[in-house]
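Okay, here we've got a single chain as structure tokens, the form predicted on its own, with questions on binding and movement later.
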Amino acid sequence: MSATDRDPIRLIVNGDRVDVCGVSPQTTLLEWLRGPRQLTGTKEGCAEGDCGACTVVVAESRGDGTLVWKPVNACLKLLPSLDGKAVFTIESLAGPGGALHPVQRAMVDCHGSQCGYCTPGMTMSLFALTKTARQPTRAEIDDALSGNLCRCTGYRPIVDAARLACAGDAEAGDTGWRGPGVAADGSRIVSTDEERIAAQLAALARAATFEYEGAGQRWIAPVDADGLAAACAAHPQARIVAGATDVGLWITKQHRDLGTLISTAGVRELAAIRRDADATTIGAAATLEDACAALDDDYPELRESWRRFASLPIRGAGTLGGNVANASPIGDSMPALIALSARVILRRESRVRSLPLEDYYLGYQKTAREDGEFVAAVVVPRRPANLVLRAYKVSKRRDQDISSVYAAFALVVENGIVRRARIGCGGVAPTPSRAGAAEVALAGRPWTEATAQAAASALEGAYTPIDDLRASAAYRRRVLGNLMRRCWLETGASAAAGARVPTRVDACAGD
């Protein structure tokens, strides 16, 4: 049994249940909050998930009576995707009589606001941090604020506010969703308010596909893989949506009519991550944050690259499967996954097939996915012995920026000889791709400066990139070669260098 247009989008807003009918499925949460709901504390800045002025916090049920709290870019979140979830805006934080929430008080006491436009989003990001961390490190604070831009105050007082808000006595006073949610021992505090919200969400949970129609458009949200396969087969031309971190821009910037939308977000099997002796299988609905954490044990060298991939709100909403499926030539996950010999699992009704990831990309935003088929999972082999791995992102802005060039090098080096080489590149061709000529220049040869130089030269001549606002073609070619040289300097020039693994705290070592 599925819902119809008579069954509304059902969500919790600032503690109260709200049913929504009649709006287009392409309506963003930000548009709805500021319009019909008149919750104008949530601001619109960039409308593309970069500035964080629109940040709200979403609570989802774990299924065991507890909640997951995530900061979310309201400008990209499509309203039907909030069905069965709880949304909290800046208006929710103040207590009875207008008493300031601890995060709000910390922002005031630390002078963390100047013009004030970014302040609601900053405050909501810090509120989400109080739900997950007590006495966070500077790196954790930086990550929590990675999706929030401030153009006038500077970040020192905001970081101070984060420390103050998270260091208070979480067990004193209001410890509900209005207050810090982590005790001194690091355990989660579950308040009566959280229990009430969890009960509300349990009442909204759907056991079957949710279908919604509004303004002549349709949203289909299956709850299991069989339902997703049936929906895709019945609507082979429909747009498949996961976190909408890319699709949202087609709506806010290009004003496109996307037609019928099929959401993968509620498909339980596709959110699962499984690991065995041979591979880590990441379901297509698993978030980037969860996928990166799952790969971290085998490939810690990618940690910095994953963190720079996107802000915490984007990583918490976007999916690895969506990034792979979109086939953008500048997607950051694909070059690294190609270097790691990843495969993509495709399903159409009952048929399941597997492809090497590099074979999935046929041309600019063109893939091997057939009508009615969907990406079900990405399979990444476990770490092989004697692996030398490096991944480099080059962009105008260090964090959360589109790559000018991305290159990943995975070399199996035994007794000083490169036994196997795989190189994945992005930003230099119409598709993410392997650099075959450079791999040939490496394989079977000693891992020496001369070998690295030969591979660098092969890389510089392997592609014919374009000139655009991010970089010139000549710059991209030169950077590719230099990244190969850098890989040699970090892993081959010094015997000790290969043992060094970049960590999240490298950039804040002096803090």
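Residue numbers here begin at 1 and follow the sequence given. Please read all numbers here as calculations on a predicted model, not as lab measurements.
The same protein also has a form predicted in complex with a small molecule, omitted here; what follows describes it.
A.B. asks: Would you check, heavy atoms only and a 4.5 Å threshold, whether Thr130 touches the small molecule in the model of the complex?
C.D. replies: Contact check for Thr130: no, nothing within 4.5 Å of the small molecule in the model of the complex.
A.B. asks: Is it the case that Phe309, even though its partner is missing from this view, gets within 4.5 Å of the small molecule in the model of the complex, heavy atoms only?
C.D. replies: Yes.
A.B. asks: Would you check, heavy atoms only and a 4.5 Å threshold, whether Leu357 touches the small molecule in the model of the complex?
C.D. replies: Although the small molecule is absent here, Leu357 would stay clear of it in the model of the complex, with no heavy atoms inside 4.5 Å.
A.B. asks: So in the model of the complex, is the small molecule close enough to Thr209 to count as touching (4.5 Å, heavy atoms)?
C.D. replies: Result no; Thr209 lies far from the small molecule in the model of the complex.
A.B. asks: Identify, from the list Val378, Ala242, Ile220, Ala339, the residue with a heavy atom within 4.5 Å of the small molecule in the model of the complex.
C.D. replies: By the 4.5 Å criterion, the partner-contacting residue is Ala242.
A.B. asks: Identify, from the list Leu270, Leu295, Leu79, Ile90, the residue with a heavy atom within 4.5 Å of the small molecule in the model of the complex.
C.D. replies: Result of the distance check: Leu270.
A.B. asks: Even though the small molecule is not shown here, does it sit in the model of the complex so that Leu249, Asn326 and Phe374 each have a heavy atom within 4.5 Å?
C.D. replies: Every residue of the candidate spot has a heavy atom within 4.5 Å of the small molecule in the model of the complex.
A.B. asks: So which of 41 to 49, 59 to 67, 456 to 464, 477 to 485 is the stretch with heavy atoms within 4.5 Å of the small molecule in the model of the complex?
C.D. replies: Within 4.5 Å of the partner lies stretch 41 to 49.
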